[in-house]
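Taking the form predicted on its own, here's one chain by itself in structure tokens.
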Amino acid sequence: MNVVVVGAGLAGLTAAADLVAAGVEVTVLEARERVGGRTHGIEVAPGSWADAGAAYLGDRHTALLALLAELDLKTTPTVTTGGSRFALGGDGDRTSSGRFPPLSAVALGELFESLEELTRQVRADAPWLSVDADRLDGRTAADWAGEHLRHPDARLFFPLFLGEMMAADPADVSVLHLAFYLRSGGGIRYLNAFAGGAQDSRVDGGAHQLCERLAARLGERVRLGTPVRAVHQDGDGVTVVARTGEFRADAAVIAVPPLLADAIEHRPGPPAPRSGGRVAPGCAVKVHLIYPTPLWREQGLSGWSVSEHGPLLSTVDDSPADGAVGVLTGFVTGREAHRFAALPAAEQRAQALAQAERLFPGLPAPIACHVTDWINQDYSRGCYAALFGPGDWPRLGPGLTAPHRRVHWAGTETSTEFFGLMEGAIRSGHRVAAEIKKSYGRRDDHV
């Protein structure tokens, strides 16, 4: 038996590795000239790498931790020691001892209690079947905030929280998607936490190594620079039409984001699209400011900051464990990401540096500045993950994992466990490989 896998990100390569281990002939087609999908490493100094894409993990990410162990990769804790910087509410920049912003504790407590109540209403395995799903799916998160958030501090913080958690503008996602995303990821407290939470650690040397090592095992089965244009099915198999030629197989795995999956011509067409009219790309741009060492630590600062105004709505210390270079990572998300992504490169750099200088007084100019725009990357269409708007979950949810004849689906957006995270992508790869082995096992002794 042979299978063509479209997409060499975590989901596609995990599926391919599982299938090869089961004796299946596999070809992986990747449009880019690199593997990794929405994981991507940037060498910020000789031998030192920063995560331009997905980066963080926690103890509940069991599939990811198992893969790290299998590939002999280690983790390094996310640095949180020191004071945090906040530029919120028009009162100037402040330094606080913890991560809690200098806003009304009562207002933010009520905000998080309301969000937790929302998450309890949603079925993680099938959000479209939740009680009251139609009502929750009929409004955007911005609508919900306008109705429920009375205190100005809660209204101020809500879009910043959504940007950090989901790379979303409140107007882009339904209340159902917001609640599902938070529940799928382990709940608000887990998703929002560094130590002991979903942002506890990073892959030492960069998360991109996961896909690079998987691809190295697969060898010549992985073909780069091979964008797929069409998938045609008949009674005997599938023909995957790529820019460089056609690939015949018994089955295909499509492991790309929904907006890209819909750009592939399918013949016959699937019963439902992979994305809906309100599905939007995740709104994220990452900025890495590079310093000789983590100089902010000398001022007793952790590198963590949250700002009301952009471009850097939050920052974090992503310096390598050996401290050989200082890496201050800035997150530009939501509506601000679209504005920032449209600027010339020189203006992006100027605005990012000016804000870093205000947030961390005394920092010299960085020795380098790297900007990774995920919104406008042709073969990503956003990051962290696709954003489902009103009406999308009832239409798309039932078909997220349902095979279309010989075409099977993978990707973090097909996982109701840790949707949007590396963990979700890996779990989807394992799921689709098991699905194929079960579906075709009787037809081939090798499966």
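In this text, residue numbers run from 1 along the sequence as written. Remember, predicted model here, so these are calculated numbers, not experimental data.
From this point on, the text means the form predicted together with a small molecule, which you will not see here.
Enquirer: Mind telling me which stretch in 408 to 416, 41 to 49, 65 to 73, 393 to 401 gets its heavy atoms within 4.5 Å of the small molecule in the model of the complex?
Expert: Going by heavy atoms within 4.5 Å, the stretch is 408 to 416.
Enquirer: Would you check whether the small molecule, in the model of the complex, lies within 4.5 angstroms of a non-hydrogen atom from each of Gly37, Leu260 and Ala425?
Expert: Every listed residue reaches the small molecule in the model of the complex, so yes.
Enquirer: Is there a non-hydrogen atom of Leu387 within 4.5 angstroms of a non-hydrogen atom of the small molecule in the model of the complex?
Expert: Answer no; every heavy atom of Leu387 is more than 4.5 Å from the small molecule in the model of the complex.
Enquirer: Does Val26 reach the small molecule in the model of the complex, with heavy atoms at most 4.5 Å apart?
Expert: Looking in the model of the complex, residue contacts with the small molecule do not include Val26, since no heavy atom lies within 4.5 Å.
Enquirer: Examine Val6 and determine whether its closest non-hydrogen atom to the small molecule in the model of the complex is within 4.5 angstroms.
Expert: Heavy-atom contact with the small molecule at 4.5 Å: present for Val6.
Enquirer: Would Ala179 show up as a contact with the small molecule in the model of the complex if we use heavy atoms at 4.5 Å?
Expert: Ala179: no, not in contact with the small molecule in the model of the complex.
Enquirer: Only one of Trp144, Tyr291, Phe360, Trp374 gets a heavy atom within 4.5 Å of the small molecule in the model of the complex. Which one?
Expert: Contact check passes for Trp374.
Enquirer: Of Val256, Ala337, Val279, Ala168, which one comes within 4.5 Å of the small molecule in the model of the complex, counting heavy atoms only?
Expert: Looking at Val256, Ala337, Val279, Ala168 one by one, just Val256 meets the 4.5 Å heavy-atom criterion.
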